[in-house]
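A single chain comes next, written as structure tokens; it is the form predicted alone.
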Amino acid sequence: MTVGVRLDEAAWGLLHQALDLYRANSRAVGQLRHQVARLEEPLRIAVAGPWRSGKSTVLNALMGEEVAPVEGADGAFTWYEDGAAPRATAYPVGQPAQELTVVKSATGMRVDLGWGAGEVRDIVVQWPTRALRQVTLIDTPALTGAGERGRVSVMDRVLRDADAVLFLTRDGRDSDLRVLESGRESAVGQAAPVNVIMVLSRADETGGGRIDGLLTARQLARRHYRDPRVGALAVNVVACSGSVGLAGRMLSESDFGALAVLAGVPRAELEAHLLSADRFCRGDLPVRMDPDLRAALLDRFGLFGIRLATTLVRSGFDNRVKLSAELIRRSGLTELREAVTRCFIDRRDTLKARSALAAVETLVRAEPVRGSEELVGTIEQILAGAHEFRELRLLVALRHTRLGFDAELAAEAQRLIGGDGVGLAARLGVEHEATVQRLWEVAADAQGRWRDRAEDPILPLAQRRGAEVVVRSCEGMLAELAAGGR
């Protein structure tokens, strides 16, 4: 909740200060102007992770259509943005841009690089969908080893070009955490580690593919969420099976009919045919089912998805709509989309401003000139004083230690500083239809109570400083209400 100078305004001023300082450097001027333009563009969210972490599947699940990956573009960054009509453009290194053929299908589209253009750095895909109205999604190359196409170069570019990152990992292993730690080496990275959601993206494989594997994955996500090392790197941790979520979003009547037929087979008998893909596709099922249909179900759902869907049909999810909704819920996709909205989209101005600060810091560290020390000082002042970053740092602290507050006070503090949503009603814990008078009364009451804590000399210093952040958030809400906001 902004108090005083808005963070995005401070970032805009910093960029123009840098433009004036580097006006004789045409390359630097181009970079800085690009950053100024980014402040007005949709939020950029990169989907990053190691090989076979399910990046394209999660991206498709978020959009509800099969649009990724672009065939033959393993080493390229693929940008998915809103557009009036389907269109794809490749940008090969050292060559002119090339328009690619887009083939629409019943479930989305297919784009094939399909030509020998040398190394392709970027592909921009325009696709008309509501999911891309406020964001641009970036499908990135796999993070593998160090080297030209390895972990270091890819992650460096992700951190430079994206405002926020969905970092996909199978289980949050140490090697994956080290990749994220590389983004904390700068002053901005250390002061504002707020632009990453960690996604346990192969949640359906947790627990050896058992039917309760998704529940086990959620429990693992909660443990990671409480881990201080993870808290310093990611603002949230979510378990999500992209394949189950996508299957749920795209479930057709014919898919449901086939699953219902399979659900009619006694569980133990069907289970014997779900031990391997070969058994399911080639074995003698106790019901008649075309081999092509079996292959299509396996491709869409996987063995775990078929096992889960047939179990749900037997449990009463006996039509397409019911089954679709339950698959989406169980997959973790709803939780992931809510986390993206709450942590990224609702805070898009803060995240884009963070990107601007990081870009200026990178420039002045790499190409110092006379007067660049002043820019570094301005960056440090913004990082220390920006209330938006103080809120996010307090959220991390409350998540792990509660600063000594009891559970009820910690929950209230988290809500007031935007942990449950940045809208006034969400922060104040009232109904969305609440009147301005009601919002004012609740905000003023919270401000008074938390000011008492901030000024109480008996409380530990950490609690008083945390209470000061909450008070400033309440002041910002009251200022917004006085200006006519809701």
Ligand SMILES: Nc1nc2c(ncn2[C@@H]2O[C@H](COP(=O)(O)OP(=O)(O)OP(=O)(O)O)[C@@H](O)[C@H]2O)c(=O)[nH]1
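Since we're looking at a predicted model, the values are computed, not measured. Residue positions are given as counts along the sequence shown, with the first one as 1.
There is another form of this protein, the form predicted together with this ligand, and it is not shown here; the text below is about that form.
J.: Any idea which of 405 to 413, 196 to 204, 226 to 234, 175 to 183 reaches within 4.5 Å of this ligand in the predicted bound form, heavy atoms considered?
T.: Contact-bearing stretch, as computed: 196 to 204.
J.: With this ligand left out of view, choose which of Met289, Ala295, Val265, Ala142 has a non-hydrogen atom within 4.5 angstroms of it in the predicted bound form.
T.: Answer to the contact question: Ala142.
J.: Though this ligand is not shown, can you say which of Gly429, Pro42, Pro50, Gly423 has a heavy atom within 4.5 Å of it in the predicted bound form?
T.: Of the candidates Gly429, Pro42, Pro50, Gly423, Pro50 is the one lying within 4.5 Å of this ligand in the predicted bound form.
J.: With a 4.5 Å heavy atom cut-off, would you call Gln35 a contact of this ligand in the predicted bound form?
T.: Because no heavy atom of Gln35 falls inside 4.5 Å of this ligand in the predicted bound form, the answer is no.
J.: Taking 4.5 angstroms as the cut-off for heavy atoms, does Gln31 touch this ligand in the predicted bound form?
T.: So Gln31 does not count as contacting this ligand.
J.: Give a yes/no on whether Gly242 approaches this ligand to within 4.5 Å in the predicted bound form, heavy atoms considered.
T.: Because a heavy atom of Gly242 falls inside 4.5 Å of this ligand in the predicted bound form, the answer is yes.
J.: Considering non-hydrogen atoms and a 4.5 Å limit, does this ligand approach Thr57 in the predicted bound form?
T.: Yes - in the predicted bound form, heavy atoms of Thr57 and this ligand come within 4.5 Å of each other.
J.: Across 208 to 227, which residues bring a heavy atom to within 4.5 Å of this ligand in the predicted bound form?
T.: Those in contact are Gly208, Arg210.
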